[in-house]
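Next comes just one chain, in structure tokens: the form predicted alone.
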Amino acid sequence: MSRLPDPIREGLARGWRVAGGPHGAVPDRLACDVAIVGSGAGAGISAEILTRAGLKVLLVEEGPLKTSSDFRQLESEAYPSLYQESAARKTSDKAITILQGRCVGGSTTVNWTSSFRTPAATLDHWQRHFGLQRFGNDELAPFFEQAERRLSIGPWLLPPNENNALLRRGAARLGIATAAIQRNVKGCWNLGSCGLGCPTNAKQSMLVTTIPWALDHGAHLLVETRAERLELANGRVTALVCVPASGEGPATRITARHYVLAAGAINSPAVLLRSQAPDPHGRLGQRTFLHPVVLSAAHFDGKVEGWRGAPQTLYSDHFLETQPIDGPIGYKLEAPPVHPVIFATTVTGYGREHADLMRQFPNTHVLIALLRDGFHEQSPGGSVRLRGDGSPQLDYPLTDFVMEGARRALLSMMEIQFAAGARRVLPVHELARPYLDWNEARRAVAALPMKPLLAKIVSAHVMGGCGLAGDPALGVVRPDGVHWQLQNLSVHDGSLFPTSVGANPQLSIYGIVNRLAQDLARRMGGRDAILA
């Protein structure tokens, strides 16, 4: 048992109002001022601000309440307990694996702490194409500043681990610029297990910041409770119906003055679809974006040990900034953490070939490229639909336009890895094999068929589906986050974004939702409130 302080268990001992799962039965009826579905980035920010404004807040989370005492840096425990579908959620054609959190704190509990403001080029595009005039860089800056201060977002002052340092060394030899990533940590132990839950509470996720603050000041949290549907009448939500996530037990009916969907960019559209919410322009669940990610692994003579140390501390936007935002798809380069289970299940191959890859695991370096989708007509994103049992499913067509970007990204990453001194490089593609020099690799990848299920695609950044727009024909919600057709319903999560962001989205959600939540608190007649 860890001897470190555990703020969640201490809060429960102080009498936090938590129900569901092991915390006791959920009453069949509840009432509040604001019912929030979810507990991730948008939900946590909203919960703190609305509670600060004196409103009675209730959060509904489908996943469990886990604490730092539960986080033992073990993949075998973390993926089944903290991720949607045990970290194996996939698109309908199985071509893309999606990582999303499913626990109190949502993806902020398991992300890798990378914190970027929404790029100015993305905001300019939103203003020009979606009527979001108030979403300029200067208008949003104060809200980003508040979020950065509240969540201790700042420069990482320790040297990068070898996995990141190789990105910088290889890129520098090719004249490609890299820069440091800001992280939301305080007193970080540099353990490298951010994706498995932070055992020291250094990561300033919603689990240890906004949600404890809200619970300490009267908010109510339901866990292991699924938001099933909204009841609607006369252009308003009249109730939120929830059921136990286990499928066993009675339903709960929650009534509120206002409802906030913040369940993420697959589950928020799904709640609206199950509720048969009005959708006169056919926008609900459409334009769902992923930052489709391709990977390149490389072997070095020296140890890399990509599981040690801060997971992502350097990046390159060279391939985003050297072409128009609405031109050929651009990509951001990062060096992810490398843990054995997720690595073994992501790289291609089997048998002796796969065993050989795993024997060289300590000397393995990995780069990822995040493709900036949604800015070109041939990159329209995917759509969320419901299966027969009401669960959500994402269709995401990997168009030739997107896959040609994936090919260019593989080439860029391999060239950087060879420049850094890689002994051999393996682009993660079913028909690829390890290549011993750059010329061989370049010829081979140029000839690879870039097709779904052959090129390995993953994602941890689901965005869109309930897009913001200044015109109801272009989006699901208004620029203030309120649903165009349901006047007491807001959306406060990454499903708001009308395109992908072009950067890891957690700080975009914090900053934009910060403003929307402050506006909502003011309209509901609560006190003005800002993040502390």
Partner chain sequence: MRRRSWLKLGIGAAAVLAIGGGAVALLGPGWQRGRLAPAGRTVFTHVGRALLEGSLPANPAEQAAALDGLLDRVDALVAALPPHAQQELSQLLSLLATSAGRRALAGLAQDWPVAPLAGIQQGLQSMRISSLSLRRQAYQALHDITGAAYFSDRGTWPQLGYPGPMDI
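Everything quoted here is computed from the prediction, not taken from an experiment. Positions refer to the first chain, counted from 1.
The discussion below concerns the form predicted together with the partner chain, not included here.
The chain is drawn here without the partner chain; in the predicted complex, the stretch among 259-267, 215-223, 231-239, 90-98 whose residues come within 4.5 Å of it by any heavy atom is 90-98. Contact annotation: residue 137 falls outside 4.5 Å of the partner chain in the predicted complex, judged by heavy atom distances. Contact between residue 85 and the partner chain in the predicted complex is found at the 4.5 Å heavy atom cutoff. Looking at residue 434, you'd find every heavy atom of it more than 4.5 angstroms from the partner chain in the predicted complex. Using a 4.5 angstroms limit between non-hydrogen atoms, residue 308 touches the partner chain in the predicted complex. Among the residues 250, 154, 324, 362, the one placing a heavy atom within 4.5 Å of the partner chain in the predicted complex is 362.
Proximity to the partner chain in the predicted complex, taken as a non-hydrogen atom within 4.5 angstroms, holds for one residue of 399, 182, 127, 73, which is 73. Contacts between 427-458 and the partner chain, taken as any heavy atom within 4.5 Å in the predicted complex, involve 430, 431, 452, 453, 454, 456.
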